[in-house]
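One chain comes next, on its own, written out as structure tokens in the form predicted alone.
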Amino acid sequence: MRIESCGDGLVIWSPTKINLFLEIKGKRKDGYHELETVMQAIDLCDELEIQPSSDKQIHFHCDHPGVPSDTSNLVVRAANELRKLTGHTVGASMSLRKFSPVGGGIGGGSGNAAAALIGLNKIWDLGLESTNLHQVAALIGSDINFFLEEGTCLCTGRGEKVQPLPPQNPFHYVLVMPPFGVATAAVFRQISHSLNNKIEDVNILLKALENRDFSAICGSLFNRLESPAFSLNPDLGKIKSQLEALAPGRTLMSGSGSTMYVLCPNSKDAESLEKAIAELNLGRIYRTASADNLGQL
């Protein structure tokens, strides 16, 4: 994450992510699903400013009306869990400027929480190691551990077990955020009946990434959650079909949706595709690129 000083505090730019691969391997005893997913950080970032507080309270504000500011917010939860772990009693004032879509399956909230953990560790001079921050992250949510590493990672368990992969050639993406969302819990409930399907092999994608073979990477894109999400909202499937018509074999839904992305080999292709997609009026469009090796604790 890019971090800059701001008076006595810090400004942290937290990236988002897309899923290049997402398989559901079964239901766990704790009620969660066993995941196998390859996540890629992208440079569509939010901006979190953290300043010391004169009192012992955690203050949080976001400029997006759809983001809660109470203890249900992942940033606030990250601060509270960090204090619980360390016994730290000093407060902090945090302000979030949201540039990424809210609730679109690209992990903006999780990235914000990871930024809070990294920033507060510095502001409060806690001196925690990466393993300590990962411990806190795993208590809060499934994707936060990934954002402590960023780059490209294979994530397993419920998403909290993170294995960094070698840096990739910079890929470009055109994201489409439809004017409607999809409830994550509803998508996972919908998939329960199909957990006996043949498990897709993530190693095919990992080999393609290792070889930096763009065509093979495109052919290995997979998201088990697409089908249940499309069954809940058929318009999502229609949007993917329209994008596939412009860029065959390069379109995938990220996470549990509703954001769709198209993988592009270079910025010129992404720019051209962005213009073509804009004419379809499918929703908000973001042109972005992969963000590797940004995670510095």
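Counting begins at 1, following the sequence as shown. Every value quoted in this text rests on a predicted model; they were computed, and no experiment measured them.
The same protein also exists as the form predicted in complex with ligand C5P; that form is not shown, yet it is the one meant from here on.
(message) Taking any heavy atom pair closer than or equal to 4.5 Å as contact, tell me whether residue 141 reaches ligand C5P in the predicted complex.
(response) Although ligand C5P is absent here, residue 141 would touch it in the predicted complex, with heavy atoms inside 4.5 Å.
(request) Mark residue 185 yes when one of its heavy atoms lies within 4.5 Å of a heavy atom of ligand C5P in the predicted complex, and no otherwise. (result) Yes.
(message) With the partner left out here, check for me: in the predicted complex, does some heavy atom of residue 64 sit within 4.5 Å of ligand C5P?
(response) Although ligand C5P is absent here, residue 64 would stay clear of it in the predicted complex, with no heavy atoms inside 4.5 Å.
(message) So in the predicted complex, is ligand C5P close enough to residue 33 to count as touching (4.5 Å, heavy atoms)?
(response) Answer yes; at least one heavy atom of residue 33 falls within 4.5 Å of ligand C5P in the predicted complex.
(message) Tell me which stretch of 174 to 182, 201 to 209, 85 to 93, 141 to 149 has a heavy atom within 4.5 angstroms of ligand C5P in the predicted complex.
(response) Only one stretch qualifies here: 141 to 149.
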